[in-house]
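There is one chain below, alone, in structure tokens, taken in the form predicted alone.
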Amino acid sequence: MTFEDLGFEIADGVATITLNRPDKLNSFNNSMGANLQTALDHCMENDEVRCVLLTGAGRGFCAGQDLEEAVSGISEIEEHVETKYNPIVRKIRAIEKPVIAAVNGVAAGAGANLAFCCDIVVAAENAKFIQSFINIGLIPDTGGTYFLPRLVGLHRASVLTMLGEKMSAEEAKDLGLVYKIFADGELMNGAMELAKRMAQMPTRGIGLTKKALNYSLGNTLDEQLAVERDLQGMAGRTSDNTEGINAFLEKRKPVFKGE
């Protein structure tokens, strides 16, 4: 698949999606939003893809909504959110494969929350995160009001979203929003190494783990214990589970196939 505003390639089980509007700091327009949905659908359906790596071209990860387009081409903002941003968040959470965000620069507004809805976030040293919505009188979207309180707590989420202050990669890591920081020139090497590693893991088990975590965000303890029971039954019937047990007993390195 080829897109004008999105890079997409598959190698070694990793689908790399690159937001590609570097002159606009990869801010979203209608085309890029629709193309990202298409790319995520392909990742969901393609068995060759066992891990997804999302990053940006140039010096930014994603600066959120392209405000020039917003002024000239968006009449109903709620419809825009429902058709462009909400489906992207739902697809990232629904893909039963790990999704890694490699934040190479500024991640603002919808761009920051796009990263935070992924499974794992890594960042370059110079990366910056900002909940910039309040600076133009809007509220956080792209899952921001859902994920941030769960990731950092209600008070810290209030600070981030109501003050709209820039947050460094180191500050984001201290809050648990970023897993690992790489030197600016080493981000993609480090992110790709992590993605390839995850693509060789028992990715069916990873997908079921992700599914369980999704359920946990709204379940009671008893409801979640039932989810764990059912999904553990599914995991226990995978070939990767059989391979993992056999490899352990035979004292060898397992070869997982994501099945």
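No experiment lies behind these values; they were computed from the predicted model shown. Quick note: we count residues from 1 along the sequence shown, nothing fancier.
Just so you know, the form predicted in complex with a small molecule exists too; it's not on screen, but the next bit is about it.
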Site test, Phe8, Thr16 and Lys97 vs the small molecule in the predicted complex, non-hydrogen atom cutoff 4.5 Å: no
Given that the partner is absent here, does Ala63 sit within 4.5 Å of the small molecule in the predicted complex, heavy atoms only? yes
May I ask you to state whether His155 is within 4.5 Å of the small molecule in the predicted complex, using heavy atom distances? no
Against the small molecule in the predicted complex, would Ser27 count as a contact residue? Criterion: heavy atoms within 4.5 Å. yes
Applying a 4.5 Å heavy atom distance criterion, does Leu67 contact the small molecule in the predicted complex? yes
Quick one: find which of 114-122, 130-138, 144-152, 168-176 has residues within 4.5 Å of the small molecule in the predicted complex by heavy atom distance. 130-138
Only one of Val106, Leu187, Val89, Leu160 gets a heavy atom within 4.5 Å of the small molecule in the predicted complex. Which one? Val106
